[in-house]
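Consider the single chain below, provided in structure tokens and representing the form predicted on its own.
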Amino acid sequence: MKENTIRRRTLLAGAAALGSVALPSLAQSKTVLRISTPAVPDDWHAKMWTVFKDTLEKSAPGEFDVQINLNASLFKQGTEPAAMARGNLELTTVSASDIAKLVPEFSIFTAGYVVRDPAQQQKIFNGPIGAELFKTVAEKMDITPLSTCYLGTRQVNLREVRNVKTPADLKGVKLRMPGSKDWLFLGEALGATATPLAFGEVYLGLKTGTIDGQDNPLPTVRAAKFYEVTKQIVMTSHLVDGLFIAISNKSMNALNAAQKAKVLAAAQAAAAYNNENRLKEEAQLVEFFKKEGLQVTVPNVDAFHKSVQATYMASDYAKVWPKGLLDRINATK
């Protein structure tokens, strides 16, 4: 009798132990999606990931474990595509210049006056041009772009007021640009003397006169308080900038068809949230800068457009652009 009791207790203890092991394994059956972004919490590019997470939880409850890592806390900015290709990261946003390092034809979207406005940007990437280029990105980078986020339209922000109508009027202006050759080429194409400077040094550079100006979308001008040390914004609208929500091919291929559709829909919802709010913010900022005492002027944008595109077409950049791609982009309405 005692032996039977001991055996029964042993079996019950074993069952309990098995049960305790089974619970974590159930939790682990969720598909983990780690997100790495350099965006700070207040940025629309950070907030949109919560929209992604909430949308996915609503459409596929309990199927995914979405982990959002802001402030480049998981991977340094620029290292994410390599981490995704190695299978160490599932999702991030990549820039056109990041993509262009491995897909040279994508450099067309780092050139000035290629994309006209945010609406055209969406039509380009949601249409046949985007489908073709994204297929190439997936093949060459082992990542799949899912949606296109509007980053902002870049404008020229000057320390002192100048009468700027054409690129010739920016001659001699030390215009801070990010340090890569793509960005510096754009600064020169605008007619200025492109000057590389780390973003964290721009405010002091404008204050002391080390640089005469900088270029960024209007929300960045406000966030970084550049309006405190500048007197003019020239609405050149020279680059409609974007970021692409992308997933590693390894992660995408591990999903079933229904899950793929839900992840894609969540990425599109996140991008739509970002785009709507960023456009709304940009629309309000001209009045904000005027109230802060800045002159907001509009140059001859057509003159800038023609001059900048001619500079690019005569450069090595245009040599890697597929024949007819610029014409197809220009024809996208």
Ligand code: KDO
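Since this is a predicted model, take the numbers as computed values, not measurements. Note that residue numbering follows the sequence shown and begins at 1. Think of the rigid core as the biggest set of C-alphas that the two forms share within 1.5 Å after superposition.
The form predicted in complex with the named molecule is left out here; the points below concern that form.
Residue-level contacts in the model of the complex: of Met141, Leu243, Leu170, Ala246, one residue has a heavy atom within 4.5 Å of the named molecule, and it is Leu243.
Contact with the named molecule in the model of the complex, defined as a heavy atom within 4.5 Å, holds for exactly one of Asn216, Ser251, Ser107, Ser237, namely Asn216. The three marked residues, Gln77, Arg154 and Trp183, each reach the named molecule in the model of the complex, with a heavy atom inside 4.5 Å. Per the 4.5 Å heavy atom criterion, the named molecule in the model of the complex is contacted by stretch 30-38, the sole one of 30-38, 262-270, 54-62, 290-298. A residue is said to contact a partner when one of its heavy atoms sits within 4.5 Å of a partner heavy atom; Phe199 meets this definition for the named molecule in the model of the complex. Residue contact check for His305: none of its heavy atoms lie within 4.5 Å of the named molecule in the model of the complex. Within 4.5 Å of any heavy atom of the named molecule in the model of the complex lies no heavy atom of Gln122.
Using a 4.5 angstroms threshold between heavy atoms, Thr195 stays clear of the named molecule in the model of the complex. When two forms of a protein are overlaid on their rigid core, residues whose CA moves 2 Å or more are considered shifted, and Pro128 is not one of them between the shown form and the other one. Core-superposed comparison between the shown form and the other one: the Cα of Leu186 travels 2 Å or more.
The two forms, fitted on the rigid core, differ between the shown form and the other one by 2 Å or more at the CA of Arg222.
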